[in-house]
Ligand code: RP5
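Okay, here we've got a single chain as C-alpha cells, the form predicted alone, with questions on binding and movement later.
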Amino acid sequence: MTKAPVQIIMGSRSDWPILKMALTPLDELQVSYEASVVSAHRTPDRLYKFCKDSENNGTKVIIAGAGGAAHLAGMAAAMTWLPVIAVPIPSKYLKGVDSLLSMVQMPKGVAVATQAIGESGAYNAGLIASQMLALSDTDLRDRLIAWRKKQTDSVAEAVE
C-alpha cells in the first residue's frame, strides 16, 4: 500500500489542534499527507511498525509532534533514515519548552529538524516538508515558487 509522501504523527489526539496547522501549506501546495496517533511511550510497537513500514510505502518526510517528554520525533529518527521534522507541542506547565528541549537536543548522528513551539512550528513543518519534496518534484517546485511570490507580493511596502 502506498502512503502519502508526508506522514504526520502525534503522541496524542490532543496534539491535533496544533499539528493541523501543517495542513495549510500542504493543502495550498497540493502535497498529500496522512495523520495518525503514534505515541513513543504508550504505543511503542505501533511506532516501530510505522517507522519500518514508512521506509517502503511511499513516505518521504515525517512530521512528528509531541508534548511533555516529547520523544516521538527522536525515536522516529532513530528508527528510520527518512527525514523527521519535529513540532514541540505547548504543555500545561512548561509551555512547550520541555518539548522543545527534548526535540532539539538530539545526540550527534540522529538528526531531527526541530521547528518552533506551537502553531507557527506546525505550519512551518508543513512548509519545509513541501520544500524537501520540491527538490525532486519540478511541478511542486513551480507551485512553491509561485506560493512564495504571492506571499511576498501580499506584503505592502507603504504604511497607510
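In case it trips you up, residue 1 is the first one in the sequence shown, and so on. If you're wondering where the values come from, they're calculated on a predicted model, not measured in any experiment.
The discussion below concerns the form predicted together with the ligand, not included here.
Only one of these stretches, 50 to 58, 123 to 131, 27 to 35, 63 to 71, has heavy atoms within 4.5 Å of the ligand in the model of the complex; which one is it? Correct option: 63 to 71.
- State yes or no: in the model of the complex, is some non-hydrogen atom of R46 no more than 4.5 angstroms from a non-hydrogen atom of the ligand? Outside the cut-off, so no.
Q.
Quick check on S14: any heavy atom within 4.5 Å of the ligand in the model of the complex?
A. The answer is yes: S14 has a heavy atom within 4.5 Å of the ligand.
Problem set entry | the ligand contact in the model of the complex: H41, any heavy atom under 4.5 Å | Answer yes; at least one heavy atom of H41 falls within 4.5 Å of the ligand in the model of the complex.
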